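One chain comes next, on its own, written out as structure tokens in the form predicted on its own.
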């Protein structure tokens, strides 16, 4: 890419109503791979212009000023009266020292910065009044036709479809709606654009004829139709652009060492970061600012949103939201990390385990059908199946604090606020309503405190007797003391 001057001001047209989207959301704010489509146009414009882009909006699209207030300057087009009228609104607030104007459409999100730089460089090299991008299209319907001289060289005019003659409609070279202008000439001539006799709107392509009247050159960059200059007008076109962008994102990650088993069924947002040797199985969805560490496998059906996952983890058919997962953690299947959760190294979360706004220290085992909310869980603690923290009393949320090496028996209810000291235990089905000191056992409903039985000494070494049948563990025992009444 050439080093274009920072005197180039990118002007992005985003005032259109987008009625074919049939949406309350302005068209340019509809998302592609986790970002509004206008964000991609802003990125491409900044790479070329070097200046803060100027976005033209209308009262109907005023939401863009809130979404991109830190990334662009703005000019208002009070009535959407066409592209030339939009540029006129931009010139009214553009700095006087700007020497070149680059005009783009906010609904063409796949436009490439290399093409924009080529357009600016060509206009500058030829000292042209304006430069346009012309596309050889297989389906020019609805687009302005580029009419050239008989030798096919000079651009004579650009005709909107509604104003074109039958002969002009046969032309397959169309206007992409991307322009570079000599800013001084544009300021002088923009007011001379006349409204279309058909629509009454003011169109930028009318400037081609005005440039020729001034004996100034109009030059063009000619490209084949690869989809990158396609505008988005309805939901179908939005889906097509999403597919193209998603496949491009997936290809980029695969080139960098990520295994994507089925790229067509893997959805990775633009801002997601993936380390080498990450494996994504089919049906994975990675949203927002998610980061996945080296060697981690994300199993089929998982959805991860704004979450950091460490190295060598396994996430299987689970949902992780706005959380942090350290190295060598196993999650799932069917687990759920709600926002604010933090999972320590080598922790294990089983089937249908849910964590909300809690910290699980390294080595914690949280078994199936369990819920930990608003809690701190110490290292190597075991949370038995069916156990929950009762963190909400109907008015306020309360904290549960669980120490190290604690054993939570199956179906335990920890009624917050409550604290369990290091090495504490609960029996199966216990309802714990008061603190359990370190090393103590809580059993019953409501739970009563007891000293746990001393662990039995291991038997002396004896020869194995394989013919002796194994004695099955009593259902739900999990090492708990019997409940006495």
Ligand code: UD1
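Numbering follows the first chain given and starts at 1. Source: prediction; values computed, not measured.
Below: the form predicted together with the ligand, not depicted.
Of the listed positions (358, 391, 387, 77), a single one reaches within 4.5 angstroms of the ligand by any non-hydrogen atom in the predicted bound form, namely 77. Interface residue among 143, 258, 305, 128 relative to the ligand in the predicted bound form, by the heavy atom within 4.5 Å criterion: 143. Interface membership of residue 106, defined by any non-hydrogen atom within 4.5 Å of the ligand in the predicted bound form, is confirmed. The shortest heavy atom separation between residue 409 and the ligand in the predicted bound form exceeds 4.5 Å. In the predicted bound form, the ligand sits within 4.5 Å of a heavy atom of residue 160. Among residues of the shown chain, residue 176 is one whose heavy atoms approach the ligand to within 4.5 Å in the predicted bound form. Proximity to the ligand in the predicted bound form, taken as heavy atoms within 4.5 Å, picks out 143-151 from the listed stretches 281-289, 185-193, 143-151, 218-226. Contacts between 74-96 and the ligand, taken as any heavy atom within 4.5 Å in the predicted bound form, involve 77, 80, 81, 82, 83, 86.
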